[in-house]
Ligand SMILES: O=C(CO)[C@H](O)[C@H](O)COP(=O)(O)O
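Shown below, as structure tokens, is a lone chain in the form predicted alone; questions about how it binds or moves come after it.
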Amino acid sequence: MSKKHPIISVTGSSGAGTSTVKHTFDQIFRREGVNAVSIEGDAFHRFNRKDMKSELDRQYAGGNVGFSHFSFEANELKELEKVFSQYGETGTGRTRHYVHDADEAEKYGVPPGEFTDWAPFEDGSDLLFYEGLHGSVVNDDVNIARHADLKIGVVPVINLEWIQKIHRDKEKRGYTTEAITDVILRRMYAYVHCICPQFTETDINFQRVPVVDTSNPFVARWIPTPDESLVVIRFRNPRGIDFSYLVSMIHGSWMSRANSIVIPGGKLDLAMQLILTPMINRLVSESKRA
């Protein structure tokens, strides 16, 4: 952690809603005049799309049927920790982009499934913002969590996460339900061992809970809407959090534990604005004083 060059890390698995959270952060950065440099977890995948397929086949042949993008060994986590560490010390670093589709290929000039070249961050940023799968990893090889000043977890209950992934991959990537189910099953080991432990390292977790029946996510016809959901917000350290203010400002909210508040799903953006804006401003003001 560095007061002079703060880092915000948002961690959530594929389909968890981290992209929506990033949009809220972008709104806060723009409104508060914060110059943030952003990096994506996909940039630190170890393999491009073609090589990942070959590696999957190799891992399967060797008996490792749980290998996936969630797995530690499928990502350049030492490189990610190096970027976090370098930014915290000097305010500099580098990143690249993983190109997902034709639209991004046109934007970056690189075929889908490939990476752009590594490029240095622009000078003069106020903070580093990470969004991806591994922003709070602590294992025998790396301790990424220790470098981040504010760690956010985005965690829908698992059936909702599966529904979101199934709908996204069918509509945007043309996959069948059966193919997506195979991916979910393949990812379960890494989800349990690589993703879930990170949510004990985060400072704040936002967990979306549907209040409609999601018993069989593989036949759900639509994703539960925000109005059909609640969000549980858990603070690792509730000291200094004005819960009475939040409950008064967010209609329909209540405290479920001494460190947790429950809000209507449609109020997530408002809650994030109320909770995160003062935290971001504090990080930036402290960095400028340092």
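From 1 onward, residues are counted along the sequence shown. All of these numbers come straight from a predicted model, not from anything done at the bench.
The form predicted in complex with the named molecule exists for this protein as well; it is not shown, and the discussion that follows is about that form.
For the named molecule, fitted onto this chain by superposing the C-alphas round its site in the model of the complex, the count of atoms within 2.4 Å of backbone or C-beta atoms is zero, giving an open pocket. The closest non-hydrogen atom of H97 lies beyond 4.5 Å of the named molecule in the model of the complex.
At a distance threshold of 4.5 angstroms between non-hydrogen atoms, R168 is in contact with the named molecule in the model of the complex. In the model of the complex, R234 stays away from the named molecule, with no heavy atom inside 4.5 Å. Not displayed here, the named molecule is kept clear of R46 by more than 4.5 Å at the level of heavy atoms in the model of the complex.
L133 is the sole member of L133, I144, V155, L128 with a non-hydrogen atom within 4.5 Å of the named molecule in the model of the complex. Exactly one listed residue, out of Y108, F72, F218, Y175, brings a non-hydrogen atom to within 4.5 Å of the named molecule in the model of the complex: Y175.
Contact annotation: the named molecule lies within 4.5 Å of heavy atoms from the stretch 160-168 in the model of the complex, the single such stretch among 197-205, 160-168, 135-143, 82-90.
Taking the named molecule as positioned in the model of the complex, the only residue of 177-199 that brings a heavy atom within 4.5 Å of it is R187.
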